[in-house]
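We begin with a single chain expressed as structure tokens, specifically the form predicted on its own.
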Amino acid sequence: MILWIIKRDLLLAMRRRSDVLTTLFFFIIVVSLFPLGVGPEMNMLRMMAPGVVWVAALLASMLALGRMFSSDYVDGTLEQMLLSPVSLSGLVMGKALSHWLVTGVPLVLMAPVLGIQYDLPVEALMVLTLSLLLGTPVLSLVGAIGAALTLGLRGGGVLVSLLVLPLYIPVLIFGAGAVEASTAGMGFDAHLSLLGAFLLVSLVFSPWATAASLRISMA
């Protein structure tokens, strides 16, 4: 069922390519404008690169949260999911993974290319990619909780940002910290280990919390 949900959401995303490209272009534009505004000072660009890339990835992922359940809510598919005998947590896991495949994976693939603008060394680019690979699924899983709680509410986009942004901060800190540690020649294993721990905790608890939030929103 999880694979069916992922396949279905990916097919719908391909039919609405503008939504996917909007998130990707937002990420590219934000990351690319900072070097133009700051100037060609390489030391400053290397220092600010991890934070800029991670903040842009966080905001880009947050842009797509409102679409995670909204279309299913409008056409009645979400009600059928709630009534189906299949575990709702499994369905939610499929929705979160498809959201990550559509929004998170393109950001991970584009990050090393955009990091070249900031004169990051090869090792730092690899750490940046790995940190995003571990951190962006957490953004999708945690964001699913906020998207479920604000489902059907007027101004839900603002509310979901207020709900999930405090939960995103640890991922942002350790994700950017791993790249900063690599650039400074220090060990970055601890940062990546914490990101991996966040991912495991999110995989365990986020589907259950999102399923409960959907039941509350649909009651």
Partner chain sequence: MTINWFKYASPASFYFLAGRMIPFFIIAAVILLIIGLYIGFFVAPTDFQQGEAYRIIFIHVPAAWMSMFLYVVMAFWAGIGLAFNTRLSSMVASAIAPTGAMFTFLALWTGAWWGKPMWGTWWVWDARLTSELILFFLYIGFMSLQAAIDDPRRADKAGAIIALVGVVNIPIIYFSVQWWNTLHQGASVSLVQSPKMATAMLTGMLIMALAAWMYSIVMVLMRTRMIILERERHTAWVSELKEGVSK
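Predicted model, so just to flag it, every value in this text is computed and none were measured. Residue numbers count along the first chain shown, from 1.
As for the form predicted in complex with the partner chain, it is not shown, yet the points below apply to it.
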Please check if Phe174 has a heavy atom lying within 4.5 Å of any heavy atom of the partner chain in the predicted complex. yes
Any chance Ile145 has a heavy atom within 4.5 Å of the partner chain in the predicted complex? yes
Contact with the partner chain in the predicted complex for Leu149, defined as at least one heavy atom pair within 4.5 Å: yes or no? yes
Gly37, heavy atom within 4.5 angstroms of the partner chain in the predicted complex: no
Of the options Met44, Leu63, Val30, Leu167, which one has a non-hydrogen atom that comes within 4.5 Å of the partner chain in the predicted complex? Leu167
Check for me: heavy atom within 4.5 Å of the partner chain in the predicted complex, for each of Glu79, Leu88 and Val113, yes or no. no
Region of this chain that lies against the partner chain in the predicted complex, out of 22-30, 63-71, 186-194, 50-58 [heavy atom, 4.5 Å]: 186-194
